[in-house]
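Quick heads-up: it's one chain on its own, the form predicted alone, in structure tokens.
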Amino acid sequence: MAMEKRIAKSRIEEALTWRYAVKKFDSGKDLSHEQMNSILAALQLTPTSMGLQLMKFIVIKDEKLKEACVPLAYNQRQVADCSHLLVLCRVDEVREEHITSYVEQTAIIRGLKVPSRQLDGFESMLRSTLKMSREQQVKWMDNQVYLALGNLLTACAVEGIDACPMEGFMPDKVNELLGLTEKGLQSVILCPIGFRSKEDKYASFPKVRRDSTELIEYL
């Protein structure tokens, strides 16, 4: 049977069809420790350029802190009513220590001597990022955070956890509230996660996506 004719959906298709950007969370339902561990593992295992992972994920559970984020997210209540608010951040710039620590970690995990001449070529490739302009670094690292977001949303869908990725917030204000600048971090995306409210009318809306024939081309 041709791919486009098949009836049964795979688990991943069912999960991605089920998910949507939640507009109203059930503030009385929290993720379990096991569910959070699964989601955080997915973030940790996110593939990034050269594996550098120049990012950090801030997990906010404190109710007062989540509430303080509401005006910084243009009064979108999802950031307060969710179970956990995730702030996906990148480092402010690529530094020498990011390269050396990663090369050392790679050598140790792979059972090589530290320092290892076997990794000289790899380290040289990593060091090319230090030569990027600040603008190039920011764009490159932002892209890596979006890879993490994609992994996060898929993992949430598979686990039956709701999410709402948000670019609509004030990064500078969030940085200030959470003390991120002092830590050498910059917020890129907010993503509240939890469970949809029965009152969220958007949960019943049919998913709208372009037909695969428009999006996919075979050569």
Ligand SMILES: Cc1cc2nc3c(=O)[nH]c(=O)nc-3n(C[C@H](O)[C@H](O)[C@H](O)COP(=O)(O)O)c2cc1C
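Please read these numbers as outputs of a predicted model, since none were measured by experiment. All residue numbers refer to positions in the sequence shown, first residue = 1.
Only in words, not in the display: the form predicted together with the ligand, which the text now covers.
Task: 4.5 Å heavy atom contact, R196 to the ligand in the predicted complex - done: Taking the distances in the predicted complex, the answer for R196 is no, it never comes within 4.5 Å of the ligand.
Task: K207 within 4.5 Å of the ligand in the predicted complex, heavy atoms - done: Taking the distances in the predicted complex, the answer for K207 is yes, it comes within 4.5 Å of the ligand.
TODO: Would you please decide whether K9 lies within 4.5 angstroms of the ligand in the predicted complex, comparing each non-hydrogen atom pair?
DONE: Close contact is absent here: in the predicted complex, K9 is far from the ligand, nothing within 4.5 Å, heavy atoms only.
- [ ] Evaluate Y146 for contact with the ligand in the predicted complex, applying a 4.5 angstroms cut-off between non-hydrogen atoms, and reply yes or no.
- [x] Yes, Y146 is a contact residue.
- [ ] Answer with one of S116, Q76, S83, Q137: the residue that has a non-hydrogen atom within 4.5 Å of the ligand in the predicted complex.
- [x] Filtering the options by heavy-atom distance leaves Q76.
Task: Answer option from M55, C164, A155, M36, heavy atom within 4.5 Å of the ligand in the predicted complex - done: Answer to the contact question: C164.
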